[in-house]
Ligand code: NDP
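The chain below stands alone, shown as structure tokens; this is the form predicted alone.
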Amino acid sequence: MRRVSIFGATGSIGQNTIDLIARAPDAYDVVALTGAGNIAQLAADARRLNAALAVTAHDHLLDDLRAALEGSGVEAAAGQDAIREAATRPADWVMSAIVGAAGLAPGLEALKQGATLALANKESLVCAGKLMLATAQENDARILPVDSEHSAIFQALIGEDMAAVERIIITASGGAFRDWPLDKLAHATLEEASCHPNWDMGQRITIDSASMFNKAMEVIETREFFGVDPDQIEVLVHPQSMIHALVGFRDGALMAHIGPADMRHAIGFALHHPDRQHLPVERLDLAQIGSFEFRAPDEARWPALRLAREVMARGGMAGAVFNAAKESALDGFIEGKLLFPQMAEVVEDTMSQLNSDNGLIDATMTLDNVAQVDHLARQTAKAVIENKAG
């Protein structure tokens, strides 16, 4: 049996992973599941999969988790230290789907154990790409991308020579506001930003899709994971969300990955790699679809894309600044302190203040240093948000 752990089990990626594993329960030994506040779901899944351990990120919910698991034989734990400890338990395959910078530490711990890390946590490569890749190499571990775009790139590159790659094109749906007049964006509500036209995702990533911060993160990830130059990475708005990425080669050929808007495709590819197994996803009828639409992204509408280019040009731990400011700005929008366009302003102002200081941002990339940069950026962003809100 294959030993697996799922970090972020109660989120959309985690639930899709569980859906696939539950279809072949005899093939997997579930080591650990982690979640946050949805104790009922976490406990139900731990029972269903006969997991050895279930962990909630919230210390104060430990008694609730224990009560929900009573009589199941599943061990219960709580807190960030418990999540990191869960990542040290031997597993062959680990899903990293915790949202935000909190996913970095357990992902690194899993790599130190030599596990295959199925990476859905964007922040890990954005904040600490070099550290993640070095840790994987040092421990004979492997990182497999689970973002639909990076899985598509990975698949298109199988058997290819990276030296022959001319460009990589990642697609974006454009999110909830792709067709809105620019002057209307300042009046966008939280409810409107939380509705994605194609994908069924959590609130935070859905809002990030509308602001294109999600795609900006993926641009940085592409640079880190595949080692290409920033000017080789392009973004193309594709409203149908069926072509997930394209790779262009020096002979002019484009290799496209086409599939349904269903995260089980990318998850299943990582779960079964290097084999391809049957997946319960829609089979596309291209004749019925008829045509695909593409358009160039408007950076006036989506300044996050320009900011991603600035992160890559700045280097060092600028990605950690970018991510922390982005998470803080998103909190500000959700809490009603910021208008939708002001999220990008907060990130830009935070980057401007911290990137001008060559100190900590240019220090050696360690987990502790990334955490310090993250903390400093959140403090700075908080002050920027309060100034705008005031």
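Note that residue numbering begins at 1 and tracks the sequence as displayed. On a predicted model such as this, the values are computed, not experimentally measured, just so you know.
A second form of this protein, the form predicted together with the ligand, is not displayed here; the remarks below concern that form.
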Quiz prompt | Ile13, Gly35 and Lys122 all contacting the ligand in the model of the complex, non-hydrogen atom within 4.5 Å | solution = yes
Practice problem: Could you confirm whether Ala57 comes within 4.5 Å of the ligand in the model of the complex, counting heavy atoms only? | Solution: yes
Quiz prompt | Contact label in the model of the complex: Met263 to the ligand, heavy atom within 4.5 Å | solution = yes
Quiz item: Might Gly202 be said to contact the ligand in the model of the complex, defining contact as any heavy atom within 4.5 Å?
Solution: yes
Exercise. May I ask you to check whether Ile98 falls inside a 4.5 Å heavy atom distance of the ligand in the model of the complex?
Key: yes
Self-check item: Candidate stretches 137-145, 233-241, 174-182, 202-210 - the one whose heavy atoms come within 4.5 Å of the ligand in the model of the complex
Solution: 202-210
Exercise. Work out which of Ser194, Gln80, Ser72, Gln113 lies within 4.5 Å of the ligand in the model of the complex, going by heavy atoms.
Key: Gln80
Quiz prompt | Heavy atom within 4.5 Å of the ligand in the model of the complex - the one residue of Ile258, Met312, Ala102, Ala188 that qualifies | solution = Ala102
